[in-house]
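For reference, the chain that follows is the form predicted on its own, supplied as structure tokens.
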């Protein structure tokens, strides 16, 4: 049970990671656990397990639920306290692990591509709630998602306070133009995504010039290809942004090659159980 006095529930005071298991392999488990610890460290939140114990607990949960292909949600909250904000009133963090199935988009969408819209809700300022912290408070993302849904779209492109592209509500964004693969740098409000990093490395191996680059919607509109990356979504081709057709209006060739290479990577990079 999770107490109603848990500060993760009352105030969104906690951190999480979303991880994938593919055919008995937990993809990039070390990287996800390391990022969980970084998020907790910034919040001065002590995780009551070692990293090795956390990895073992994740594998044990998968085995208990008899899952070899799964989405894994690891949550660490501040723990049980009182109705005030003071984190000192929470003597021990709460940890729980969920293993289940997830399907954000139908497979057909990867063939035809997704249309998205930019929204008025701005990405949180790094000195407000730093986007590098995968915290339990996702209201910034949820408000942007609501705007997209109300406009008839499934996903929203978010800008920062300077009008620069940061990310979508749950995915990083990439553009391809003239052999250059670019994604917004983390200081503009983009999460240092695990899938994002994997795609950057795959792109470099394919001979692309890969870089972090500040970009505006103009750069998005005029890209040859646009796609999103995320643990749950993997690589999603984007064919239209704010009603501007991207490239040919169909998922790009390079996007398809990266998706194929990424899915091959998920079969060999991680912890086998």
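Computed from a predicted model, the values in this text were never measured in an experiment. Residue numbers count along the first chain shown, from 1.
Keep in mind that the form predicted in complex with a small molecule is missing from the display, and what follows is about it.
K.L.:
Though the small molecule is not shown, can you say which of 175, 119, 194, 116 has a heavy atom within 4.5 Å of it in the model of the complex?
P.N.:
After the contact test, the surviving option is 194.
K.L.:
Counting any heavy atom within 4.5 Å as contact, can you tell me which stretch out of 77 to 85, 164 to 172, 180 to 188, 108 to 116 lines the small molecule in the model of the complex?
P.N.:
So the stretch in question is 164 to 172.
K.L.:
Quick one: does residue 39 come within 4.5 Å of the small molecule in the model of the complex, counting heavy atoms only?
P.N.:
Looking in the model of the complex, residue contacts with the small molecule do not include residue 39, since no heavy atom lies within 4.5 Å.
K.L.:
Given that the small molecule is not shown alongside this chain, does residue 89 nevertheless sit within 4.5 Å of it in the model of the complex, heavy atom to heavy atom?
P.N.:
Residue 89 lies outside the contact set for the small molecule.
K.L.:
Classify residue 237 as contacting or not contacting the small molecule in the model of the complex by the rule of any non-hydrogen atom within 4.5 angstroms, answering yes or no.
P.N.:
Contact check for residue 237: no, nothing within 4.5 Å of the small molecule in the model of the complex.
K.L.:
Verify the contact flag for residue 94: yes if a non-hydrogen atom of it lies within 4.5 Å of a non-hydrogen atom of the small molecule in the model of the complex, no if not.
P.N.:
Residue 94 lies outside the contact set for the small molecule.
K.L.:
Let me test this: is every residue among 222, 250 and 255 within 4.5 Å of the small molecule in the model of the complex, going by heavy atom positions?
P.N.:
No: no residue has a heavy atom within 4.5 Å of the partner.
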